[in-house]
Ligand code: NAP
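First comes one chain, alone, set out as structure tokens in the form predicted on its own.
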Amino acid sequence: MNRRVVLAARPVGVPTEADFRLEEKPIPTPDDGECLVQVSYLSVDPYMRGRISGRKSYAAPVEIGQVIVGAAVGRVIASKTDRFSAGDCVMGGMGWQEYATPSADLLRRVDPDAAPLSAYIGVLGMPGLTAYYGLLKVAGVNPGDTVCVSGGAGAVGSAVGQIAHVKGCRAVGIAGGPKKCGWITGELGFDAAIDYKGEDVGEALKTAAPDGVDVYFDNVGGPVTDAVFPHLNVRSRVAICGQISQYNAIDAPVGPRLLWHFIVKRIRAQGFLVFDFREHDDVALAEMASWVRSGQLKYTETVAEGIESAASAFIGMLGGANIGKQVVKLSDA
């Protein structure tokens, strides 16, 4: 049987486990052009909150009774395509289930000898690419820039600060709690960290970024981002990746109130999606893999065990319970 997690109800505010349902169905049989994949790890990401809300967005919402969408990595068990063979390891959008039959067009072959399989849904997958494109293609950095990233201990934010270092920049991370702040300044080498739970972010930036902020990579929005705006330099750049502080809001938050900084300082802000740069994926992933091998790009994972833990891992991730990438382990490849 194939165990899978489906949407039981649309969440109102913070999701609860009652909004999800674990069900069993027969293991599917692949059609022509498809593979049967046994999933090893599935991904848990902030964007999924929007996909289960039902509101209009850049992608169709998950319907009630539908498998929760998301990236996963695993091993091909059977193939009805010339592109993949049984035994190949692949990554793609297979959702929260133990077995999937995706089209070969939606899969990418990955090398389990080059990196652990879970890395291909983290630092060498969508989160890593998001950090790479947002920092280098959307914001653009120059050696000597000060880069500030909110959500600095998450899968995307932790990569942003390290890529900034590779490019000769100063990295300042904003994270929640001493443990996360100690990790990004210790293990990852960020130049400074600000604990938004225990510090006044605006005041702390005076010390962490004494010459102001040239690039702000925004993962959270809300009061943290409000506190950063006054510290942005003339002709600074803002890459808007996520707004996790608002994802569970029932009522629409008050709109931006500090945009006069953007006029006076001629600041450029741009939202983006990782898919905007898909044609660059091969080059970007090769470069990031080289940084992982050299130790310039480190990562950690928070691992939940079993398909039955997917919903609680997702809810915890939205509340900041994870350090680095949150994944759910289903099987050994």
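Heads up: residue numbers just count along the shown sequence, starting at 1. Computed from a predicted model, the values in this text were never measured in an experiment.
In what follows, reference is made to the form predicted together with this ligand, a form of this protein that is not presented.
In the predicted bound form, Met126 approaches this ligand with a heavy atom inside 4.5 Å. The closest heavy atom approach of Val156 to this ligand in the predicted bound form falls within 4.5 Å. Although the partner is absent from this view, Pro11 stays clear of this ligand in the predicted bound form, with no non-hydrogen atom inside 4.5 angstroms. Although the partner is absent here, Gly173 is not a contact residue: none of its heavy atoms lies within 4.5 angstroms of this ligand in the predicted bound form. Heavy atoms within 4.5 Å of this ligand in the predicted bound form are found in one stretch of 162 to 170, 99 to 107, 69 to 77, 192 to 200, which is 192 to 200. Contacts with this ligand in the predicted bound form, taken as any heavy atom within 4.5 Å, map within 301 to 328 to Met317, Leu318, Gly320, Asn322, Gly324.
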